[in-house]
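Take a look at this single chain, the form predicted alone, given in structure tokens.
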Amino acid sequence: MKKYAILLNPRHSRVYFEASLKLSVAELTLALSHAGHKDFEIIEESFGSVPYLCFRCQEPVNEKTLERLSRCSFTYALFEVCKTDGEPCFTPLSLPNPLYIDGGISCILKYSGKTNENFTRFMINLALFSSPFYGEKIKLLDPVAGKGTTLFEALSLGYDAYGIELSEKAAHDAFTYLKKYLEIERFKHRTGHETINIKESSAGAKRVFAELSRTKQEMKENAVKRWEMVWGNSQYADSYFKKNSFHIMVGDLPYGVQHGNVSSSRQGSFTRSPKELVSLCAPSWHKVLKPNGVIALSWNSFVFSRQQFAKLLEDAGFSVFCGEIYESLEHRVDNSIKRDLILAKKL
């Protein structure tokens, strides 16, 4: 069998890095399976006190495998491992560049409560590797977008990125940041905004968007990527977007510590309960997701159990993914947050 070693990405936060090996095993398992590998073994090893994620497989890695590994959140470098005079010998392998624009776009903007960029990419990859849409022109929706970390990470990977955010300030900050970034990096782009009137709410909503390309020719041919954020209530997602619009949905729900979301029981007030948010919004999320599309949501399991979460999603028409890969993603972030991740498919 061929053996390979992956040097883990050093961008993980200190706390998240401690959990990254366990999460990386799940992501690597899905990536290798998605690339067509059936007989493989994953091992955690250290060489010279440096941890590596290693795997053995019958078939040598090919372009299909390398492309998927290059997109993984944990991949920093890939080596083929063999023995020379009884000692491991590492041969570096070239990985394709998966980025449409510099991945630093999701790192520059700093704010309290920001989700780690690598964990964001991890969620995106798990959703995509669990869907039948890999390789298509992907449209992603973050229904609780905050200041847009998931949207910027999706854009860097070349996906069309859409978000819904209840806070006007957060949506404005994300849009202002993107415009400045595109100007500084000299991307060809056009931006705009519009008001959305919906029957269900007297508050209405506002849509801000940007379309960008890397060259004048791409812009002329309308070969653009779209970034869009709606300042409004995620409960009305199906009023902001057409039905069956998105291939994947990825969101980091309120943790019940700092983050807040709208309360259904007290109009205009906020709640720190992710349970209330999901029960209120899941039916509209289901409508805007494509058939067989996948939703990936992270939350604080201290305040909302996995069983409760799965029941709400199933009641809204989703089928929750089960099995060891999907049920071993819980990890400690700090004393008040134990983060878990649930994935489900639209039936």
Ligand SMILES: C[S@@+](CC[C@H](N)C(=O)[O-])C[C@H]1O[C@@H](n2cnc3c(N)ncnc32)[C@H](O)[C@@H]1O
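As the structure is a prediction and not an experimental result, all values here were calculated from the model. Start at 1 with the first residue shown and count on from there.
This next part talks about the form predicted in complex with the ligand, which is not shown.
S.K.: Only one of H172, K188, K179, K114 gets a heavy atom within 4.5 Å of the ligand in the predicted complex. Which one?
M.R.: So the residue touching the ligand in the predicted complex, by this definition, is K114.
S.K.: Note which of F122, F129, Y159, Y255 lies within 4.5 Å of the ligand in the predicted complex, where distance is taken over heavy atoms; exactly one does.
M.R.: By the 4.5 Å criterion, the partner-contacting residue is Y255.
S.K.: Answer yes if any heavy atom of V81 is within 4.5 Å of a heavy atom of the ligand in the predicted complex; otherwise answer no.
M.R.: No - in the predicted complex, heavy atoms of V81 and the ligand never come within 4.5 Å of each other.
S.K.: So in the predicted complex, does any heavy atom of E153 sit within 4.5 Å of the ligand?
M.R.: No, E153 sits far enough from the ligand in the predicted complex that none of its heavy atoms falls within 4.5 Å.
S.K.: Against the ligand in the predicted complex, would N244 count as a contact residue? Criterion: heavy atoms within 4.5 Å.
M.R.: Judged by the heavy-atom cut-off of 4.5 Å, N244 is well away from the ligand in the predicted complex.
S.K.: Wondering, does M249 line up within 4.5 Å of the ligand in the predicted complex on heavy atoms?
M.R.: No, M249 stays farther than 4.5 Å from the ligand in the predicted complex.
S.K.: On the criterion of a non-hydrogen atom at 4.5 angstroms or closer, are P143, I164 and S167 all touching the ligand in the predicted complex?
M.R.: Every residue of the candidate spot has a heavy atom within 4.5 Å of the ligand in the predicted complex.
S.K.: Looking at 67-75, 218-226, 89-97, 232-240, which one sits within 4.5 Å of the ligand in the predicted complex if you count heavy atoms only?
M.R.: In the other structure, the partner sits against 232-240.
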